[in-house]
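Single chain ahead, by itself, as structure tokens, in the form predicted alone.
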Amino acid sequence: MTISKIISDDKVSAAKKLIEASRRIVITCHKTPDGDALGSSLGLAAVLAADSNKSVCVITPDTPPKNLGFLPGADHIVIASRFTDKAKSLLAAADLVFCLDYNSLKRIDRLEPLVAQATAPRIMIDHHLDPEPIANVTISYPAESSTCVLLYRLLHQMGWDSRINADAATCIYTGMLTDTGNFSYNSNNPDLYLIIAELLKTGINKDTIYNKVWNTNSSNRLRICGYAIYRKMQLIPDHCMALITLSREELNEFEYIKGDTESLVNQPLSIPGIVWSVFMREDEPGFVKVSTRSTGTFPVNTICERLFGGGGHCNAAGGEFHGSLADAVDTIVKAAPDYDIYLTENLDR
């Protein structure tokens, strides 16, 4: 059994030509980068940096979560919120820009004007719906479970399998792992496991990666997640829904840092009868980050698109709310009955 080739030959050829012709490459990903955004960015950087004729850097809009700091190359990321001038000069000088794990420039926050003004051609690799025409080469397949899978497919179809060393494989596997909740959703494609087998051949230890991603916690992370479940989780059985909220004041009380609430939204789905789960985090007054998860075919991506200007996949999606935490809660609770039509086929799962 071989890995299927889903990317068209013309796109593979176009991407390869742009890469081979470039010398100064900048890789960008979305705001509040997760495992897939960082994994694809750092994985690609590891592959491209093997060519001594190329200068490769990864720029993130803001600070990556601490729990992903183990990824090879993470200590060399240029964080635009802290080093704006450096990010600006790197993008201005680039002769190729990668747009990884985002489908719209609005998702890169303060990087948006810098990328928009850059004269270099762009290559998008992404798995979100409805990509905007922001790239010279757009490799977009929403049916894929992660951008890291798409990145591997592109490298494979370019014949660059041998360039994927252990560092790159660690990053790519991490993105695959996190964007499927440890392969618990969007993970029935046999190609995923063929790709994992190839990544393992580089010498990575998937058990070690799992432990670093899921089983390494600070005391504050354990405390805030315990508090969130015990004090803040609401069950709304009429709509088979769970809701967790954390205010800015509560985050401050537990000295919250990025990554501390990673996977919290998944936990209520272990309760029989809960089909979808919502987590709302007040990152700052007037701005609420929304994360959703579901089981079966319940489409949380539709909810996030309609209510929170976001999107994602059927079982995993997110968005943002500009307003108070109370208003964000009111928005989702009032809308919940509109989605009861999707419950019947999912109640027995």
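Given the structure is predicted, the values throughout are model-derived calculations rather than measurements. For every residue, the number given is its place in the sequence shown, counted from 1.
There is another form of the same protein, the form predicted together with guanosine-5'-monophosphate; it is not shown, and what comes next is about it.
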| query | finding |
| --- | --- |
| Candidate site 88, 95 and 122: all three near guanosine-5'-monophosphate in the model of the complex by heavy atom within 4.5 Å | no |
| Partner proximity in the model of the complex: residue 221 to guanosine-5'-monophosphate, non-hydrogen atom cutoff 4.5 Å | no |
| Proximity of residue 317 to guanosine-5'-monophosphate in the model of the complex, heavy atoms at 4.5 Å | yes |
| Exercise: residue 107 in contact with guanosine-5'-monophosphate in the model of the complex, heavy atom 4.5 Å | yes |
| In the model of the complex, residue 61 touching guanosine-5'-monophosphate (heavy atom, 4.5 Å) | no |
| Interface stretch in the model of the complex with guanosine-5'-monophosphate - options 38-46, 308-316, 53-61, 66-74, non-hydrogen atom within 4.5 Å | 308-316 |
| Sequence-ordered list of residues in 22-48 near guanosine-5'-monophosphate in the model of the complex, where near means a heavy atom within 4.5 Å | 34 |
